[in-house]
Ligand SMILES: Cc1ncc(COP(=O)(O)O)c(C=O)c1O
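A single chain, nothing else alongside it, follows as structure tokens in the form predicted alone.
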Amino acid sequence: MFDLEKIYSKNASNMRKSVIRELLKLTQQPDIISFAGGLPAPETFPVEDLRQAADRVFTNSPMKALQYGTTEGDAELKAELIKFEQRQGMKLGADNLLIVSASQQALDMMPKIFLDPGDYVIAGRPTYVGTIQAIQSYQGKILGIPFSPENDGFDLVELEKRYERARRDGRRIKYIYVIPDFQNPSGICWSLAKRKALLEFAYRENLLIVEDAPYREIRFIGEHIPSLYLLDQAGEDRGIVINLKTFSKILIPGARVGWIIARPEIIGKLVIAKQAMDLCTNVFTQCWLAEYLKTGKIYEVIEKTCGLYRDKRNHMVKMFEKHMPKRWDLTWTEPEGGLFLWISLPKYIDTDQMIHKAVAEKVAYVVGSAFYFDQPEHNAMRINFSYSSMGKIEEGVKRLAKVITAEIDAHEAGPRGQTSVEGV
């Protein structure tokens, strides 16, 4: 047999399957309540308004929509996105934007243009699995920084300590990757003070910041906090922040369209990288989304989504409080936005092993170890609250609590029914 392993590149050898995608295969049975996927609620999709927008594209500009487009992206869509971002105070021109095939393509482009094999990226522990995949596939490495006990951003003492140690060891660090708003997987939101501190750290150390912001608009509790991009722009304006956005969480995931915001020199390099990937993002979809954005109805969708997710998040937390074992070492985050929360269990529970028992009880989650790139922790899980109905949230939490309770009871009971060696 022809040995393919001998001819795969080092990049290919570093690629890893998505743990989340593999786990989702276990949850396709209709009777399983899945908290595993990062799926938006389908009831938020503005189907009729999108259909009408598509009709207008076919009526008014079919030849443009069905032809190749520029790598930089459709001019009308970029104009609408500039208006969209202006509502948050950002001042952008067309040369600050690149339209991409959702933010996962953007995440893949970051290590592609910035990392040489062995280079490091600073990221949280835990962090988004798609970012881990992208960095590893380009033979990059990650310097992990734990979050503070207050869940308001990095532990800044650990950031300084680990960064200095890495520099002494000769490690070359290129950029910082963060999800400041409702982080995936933990759901935490960075405070204004921590955002400013991270920006100052990046200024001092001459590092770029990649600000992944797919959930930024999905805040349903509290006041919006300025993005890192805006803080830089409104302050020293050094242009060190690259902001990644997507329609997947604020409108529809099936469009597979996102955008990168950065200074023009960086956008120019990303355009070259994208040309080798797919030439241009789906042109019809760009025209379609631009036509929809002109109606201004996306703000109604976002408002509806925030209200629905607030209700679902509150209901899930209430069900946790009702059904989960009451223990100091069993905790969960209570996010102010986004789609996820994070459950931490007693240290002796391995959620990688427990997932099979959970699926047997017809409930699923994502194992916490999937979100670590070094020394994974196995006693946590990511839970999605956006997709399931209220009834399924309650029933799913009951099933999950049953599995967790059984694990705790089994541990506390200890070995039973075993004959001692001395008594044989």
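These numbers were taken from a predicted model, which means no experiment stands behind them. Start at 1 and count along the sequence shown; that's the residue number.
Separately, the form predicted in complex with this ligand exists; it is not shown, and the next lines address it.
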item	value
In the predicted bound form, the one of W190, W288, Y229, Y128 near this ligand [non-hydrogen atom within 4.5 angstroms]	Y128
Single option in Q139, Q104, Q133, T333 placed near this ligand in the predicted bound form, where near means a heavy atom within 4.5 Å	Q104
Three-residue site K312, G338 and S386 fully in contact with this ligand in the predicted bound form at 4.5 Å by heavy atom	no
Any non-hydrogen atom of G153 within 4.5 angstroms of this ligand in the predicted bound form	no
Exercise: D212 in contact with this ligand in the predicted bound form, heavy atom 4.5 Å	yes
Partner contact for K274 in the predicted bound form: this ligand, 4.5 angstroms, heavy atom	no
Non-hydrogen atom contact R256 with this ligand in the predicted bound form at 4.5 angstroms	yes
One stretch from 247-255, 298-306, 82-90, 216-224 that, in the predicted bound form, holds residues within 4.5 Å of this ligand by heavy atom	247-255
Residues from 178-213 in contact with this ligand (non-hydrogen atom within 4.5 Å) in the predicted bound form	I179, N184, D212
